[in-house]
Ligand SMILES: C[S@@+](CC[C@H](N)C(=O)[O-])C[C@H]1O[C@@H](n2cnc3c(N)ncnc32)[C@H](O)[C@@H]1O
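Below you'll find only one chain, the form predicted alone, shown as structure tokens.
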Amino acid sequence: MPRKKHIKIAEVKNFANVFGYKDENVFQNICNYFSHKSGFTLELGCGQGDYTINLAQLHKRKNFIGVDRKPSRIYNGAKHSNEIKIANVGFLVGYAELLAEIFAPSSVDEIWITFPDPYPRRSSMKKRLTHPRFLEIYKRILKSGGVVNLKTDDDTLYNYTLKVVDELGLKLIKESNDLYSSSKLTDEEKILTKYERQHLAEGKKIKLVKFSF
């Protein structure tokens, strides 16, 4: 592992706005950190936290948490949000599989899944973040009417998610296979991540699926 990566991993553990899934009383620590106690919006696979930070800047009286399994990815976003003094942002080093073990039932308002690994092979289908096994976890932590948003450039994941939503009888709120062709975008949907800009520059279409339980 490169030395710079080691340094980031060591430093990020000491950031006040970063929490680890192995920490004792992690959910209580998260609640204690935020001044507004109205619930949380999660970004899964947040990487450097582009979406998390931009959402927090749009909604300063709500709490936002970027979740990623690699602390070295979280480092830049956590450091940047500290530098620009965004108090309603935090980051969790953890796994989507463990969210229901960390967050209390009905404590999450909304979930964003932004450009996750699509796991295109059928043999890896259970790893897709919109697979029913993950949806069951999200359902446990979301408030009644809580929303899940998927943004992706991948056709397979997009079509798979629509199929799962239909088969499970979930409420489809919005879907688009070419999001930016629409003139009716919310401020939240207009947020562009670093990789999203790259996808658009390559001529890829951005897709959205928004649903609730």
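Keep in mind it's a predicted model, so treat the numbers as computed, not measured. Numbers follow the displayed sequence, beginning with 1.
Same protein, other form: the form predicted in complex with the ligand, not shown, and the subject of what follows.
Asks: Heavy atoms within 4.5 Å of the ligand in the predicted complex: which of the stretches 167-175, 27-35, 43-51, 183-191 has them?
Replies: Answer to the contact question: 43-51.
Asks: Which of these residues, Leu135, Ile86, Ala96, Ile102, gets a heavy atom within 4.5 Å of the ligand in the predicted complex?
Replies: Here the answer is residue option Ala96.
Asks: Would you check, heavy atoms only and a 4.5 Å threshold, whether Ser107 touches the ligand in the predicted complex?
Replies: Close contact is absent here: in the predicted complex, Ser107 is far from the ligand, nothing within 4.5 Å, heavy atoms only.
Asks: Lys163 near the ligand in the predicted complex, any heavy atom under 4.5 Å?
Replies: Contact with the ligand, no.
Asks: I'd like to know whether His59 contacts the ligand in the predicted complex, with contact meaning heavy atoms within 4.5 angstroms.
Replies: Flag for His59 set to no.
Asks: Taking the shortest heavy atom distance, is Lys139 within 4.5 Å of the ligand in the predicted complex?
Replies: Result no; Lys139 lies far from the ligand in the predicted complex.
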